[in-house]
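There is one chain below, alone, in structure tokens, taken in the form predicted on its own.
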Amino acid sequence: MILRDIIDKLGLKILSGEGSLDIEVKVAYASDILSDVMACAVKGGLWITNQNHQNVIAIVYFKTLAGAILAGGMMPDDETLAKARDKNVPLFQSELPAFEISGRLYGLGIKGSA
């Protein structure tokens, strides 16, 4: 499914990466343990997390993920958001809890990456 369609269907708020929304997403990964995401998330996948600091941006960038969804209403600080915009990292925000985002993605045909 195209990332732009996922954003629409889940009602995600786009925080950064507006120029990278036309990529195909087939998998997602939900975790708040950064080493776990580094080990298990796959290129082109979406990451669902409650983390909201600069390391999120670094992992999305270096793992070449489709983006990160900050769950539960989490918002990054200004410095983190500036880093995401500078690196053109797709970063989204949702008021939904991570569990519900995962379920909705699964319902859209997005599978787990681990």
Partner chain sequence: MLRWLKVDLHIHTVLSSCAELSMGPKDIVHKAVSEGLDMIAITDHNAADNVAAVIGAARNWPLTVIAGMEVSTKEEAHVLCLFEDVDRVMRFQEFIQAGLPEGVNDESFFGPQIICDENEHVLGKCEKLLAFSTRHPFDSVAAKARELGGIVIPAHIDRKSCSLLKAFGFVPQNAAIDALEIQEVKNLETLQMEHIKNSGYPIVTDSDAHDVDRIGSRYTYIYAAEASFVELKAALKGDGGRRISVREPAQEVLEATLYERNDE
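Source: prediction; values computed, not measured. Positions refer to the first chain, counted from 1.
The form predicted together with the partner chain exists for this protein as well; it is not shown, and the discussion that follows is about that form.
Only one of A66, A41, I57, A71 lies close to the partner chain in the predicted complex, with a heavy atom inside 4.5 Å, and it is I57.
Highlighted residues K13, S31 and A98: none comes within 4.5 Å of the partner chain in the predicted complex, counting any heavy atom.
Within this chain, K26 is remote from the site of the partner chain in the predicted complex, having no heavy atom within 4.5 Å. For R85, no non-hydrogen atom is located within 4.5 Å of the partner chain in the predicted complex, even though that partner is not displayed. Looking at 43-80, the residues that come within 4.5 Å of the partner chain in the predicted complex, counting any heavy atom, are Q51, N52, H53, N55, I57, A58, I59, Y61, F62.
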